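The chain below stands alone, shown as structure tokens; this is the form predicted alone.
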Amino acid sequence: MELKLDPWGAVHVDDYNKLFSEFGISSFEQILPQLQNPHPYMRRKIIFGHRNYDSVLAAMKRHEPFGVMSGFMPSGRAHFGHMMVMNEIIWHQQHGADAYAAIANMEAHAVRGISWEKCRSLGINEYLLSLIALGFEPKENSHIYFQSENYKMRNLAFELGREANFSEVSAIYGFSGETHISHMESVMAQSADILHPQLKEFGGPKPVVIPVGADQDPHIKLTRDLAYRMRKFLVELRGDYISIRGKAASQEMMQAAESALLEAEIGKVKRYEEHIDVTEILDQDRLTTGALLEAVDRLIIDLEIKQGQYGFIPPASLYHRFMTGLTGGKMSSSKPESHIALTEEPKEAGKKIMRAITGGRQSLSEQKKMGGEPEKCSIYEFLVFHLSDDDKELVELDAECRSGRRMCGTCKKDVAERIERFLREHQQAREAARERLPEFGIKI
């Protein structure tokens, strides 16, 4: 069966390897060794894929500006699946990122028909309080906002709309003649969410990573394409020389680019009608490593900015595995029994855990004989994703389960106690976060 990613549907991915071959997502395992202190999601292969995260990692290592951005559609209660995105935003902020978190109320209103008042209530009481309680800080270049109130983003969405057409967007999202215009506009708003951290008001172009589930990849691919289309030049390596191609650059901009390249003294500069080539490169080592290509692209981006353009860098992305729902399938806000909300009454959460589907066998004797299957167990997943900081403990629990020495009831009781304790502490932190909302420019 063909795998289709739908950002508004119920997508369950059984084989993440298909995402590498069919959608061009790169394996995160390849760059994991470059991280000195990776997030547990990275270390435990919960984050499994990326697009262009190398650019973010390079900026992080060089202490250069970079950003992280993601959003939450306020269509229901925030649960442990949403908390994964919150934790990824916070981890990057703690490692130096300018952090942006959007409440996608325009999307919720357009796609789900939720009233503006309810969007605001859910946005604050379900998502923002938990985000702040988990550690998001009100730093100078970090922002929490509602889509409908961010006019810089909305103006950018209008500009991006000039670079996308109905046929393209319909092909990506399956829109039909029945799809209303507001739904389509919400797509441009999300692309603008992703790109607006690169506006000059927020420090200008920089690598920005978007942590999402794989079902959101259509948004990422479209936005990367739009970022490319908004550029006036394409900088690329062609064999042993660098070519700067004027996609939509005026002759004035071509001349300015030629002057900037000559001044940089990289090599021999020759200008043609629609492109400029830099040959006889003086520093071959930097050319080989790609550092020179990056430096030239940065030079051209700065030129575009001076000429009143955007100079966007295509956004990077991180993809994490979906949490398995307590009733099987994907954890979903629309299925209360499948998830545990971050505002769930702790005792009720414990009861849900005791009712959950596990990776155990049909009977106790079969479990002892054949062992369990922790990779299919939503209870074990809670430990891997959220409730255990100890990798050694997880290895031991996995072995005990597979050997038949550990029964499902024991695991359920343990996880129920942990989740009740976590929720009590988190909900106390949420109440403290409510007092801090004005620090983030959020009016109660």
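The model shown is predicted, which means the values in this text are computed figures rather than measured ones. In this text, residue numbers run from 1 along the sequence as written.
The same protein also has a form predicted together with ligand TRP, omitted here; what follows describes it.
J.: Just to confirm, with a 4.5 Å cut-off on non-hydrogen atoms, which of S130, Q93, T324, Q147 contacts ligand TRP in the predicted bound form?
T.: Here the answer is residue option Q147.
J.: By the heavy atom within 4.5 Å rule, which residue out of H109, H219, K232, H339 makes contact with ligand TRP in the predicted bound form?
T.: Exactly one listed residue reaches within 4.5 Å, namely H219.
J.: Using a 4.5 Å heavy atom cut-off, which stretch among 224-232, 70-78, 246-254, 308-316 contacts ligand TRP in the predicted bound form?
T.: After filtering at 4.5 Å, what remains is 70-78.
J.: At 4.5 Å between heavy atoms, is V278 in contact with ligand TRP in the predicted bound form?
T.: V278: no contact with ligand TRP in the predicted bound form.
J.: Contact with ligand TRP in the predicted bound form for A97, defined as at least one heavy atom pair within 4.5 Å: yes or no?
T.: No, A97 sits far enough from ligand TRP in the predicted bound form that none of its heavy atoms falls within 4.5 Å.
J.: Since only the chain is shown here, I'm wondering whether Q198 would be in contact with ligand TRP in the predicted bound form (any heavy atom pair within 4.5 Å).
T.: Contact with ligand TRP, no.
J.: Answer yes if any heavy atom of A104 is within 4.5 Å of a heavy atom of ligand TRP in the predicted bound form; otherwise answer no.
T.: So A104 counts as contacting ligand TRP.
J.: Judged by heavy atom distances of 4.5 Å or less, which residues of 173-212 approach ligand TRP in the predicted bound form?
T.: Q190, D193, I194, I210, V212 sit within 4.5 Å of the partner.
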